[in-house]
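Encoded as structure tokens, the following chain is the form predicted on its own, with no partner shown.
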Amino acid sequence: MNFAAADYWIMTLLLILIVASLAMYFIKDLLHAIIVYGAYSLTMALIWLQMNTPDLAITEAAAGICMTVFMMIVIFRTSRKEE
């Protein structure tokens, strides 16, 4: 089988998605999980761009950014500061 360079790029991005999803499952700290979720969302947007669907890439990027910011605000508001 002959793969093009774009195929290897997509396979690499899919491997990053698998690693990020497993990391989100196993990470106990919420802030770190949100950072990994942001990386997951960015990687997914890159995959949509590579597959020539820019409308889905823009939607994924916007939804990922909004959800990441929203989750960070919720965590910072609900977490108690230890002194």
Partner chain sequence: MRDFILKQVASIILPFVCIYGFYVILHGAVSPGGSFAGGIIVGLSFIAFSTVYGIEKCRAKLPEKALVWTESFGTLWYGIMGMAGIIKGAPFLANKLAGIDVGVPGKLISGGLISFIGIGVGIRVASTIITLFFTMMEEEL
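Numbering follows the first chain given and starts at 1. Keep in mind that what you see is a predicted model, and the values were worked out from it rather than measured.
Omitted here: the form predicted together with the partner chain. The next part is about that form.
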property	result
Contact check for M67, M71 and T78 against the partner chain in the predicted complex, heavy atom at 4.5 Å	yes
Contact test in the predicted complex: I58 vs the partner chain, heavy atoms, 4.5 Å	yes
The partner chain contact at A63 in the predicted complex, heavy atom, 4.5 Å	yes
Inter-Cα distance between Y37 and V69 in the predicted complex, nearer or further [3 Å or more]	closer
Outcome for the Cα pair M71, K28 in the predicted complex, compared with this form (closer or farther; change of 3 Å or more)	farther
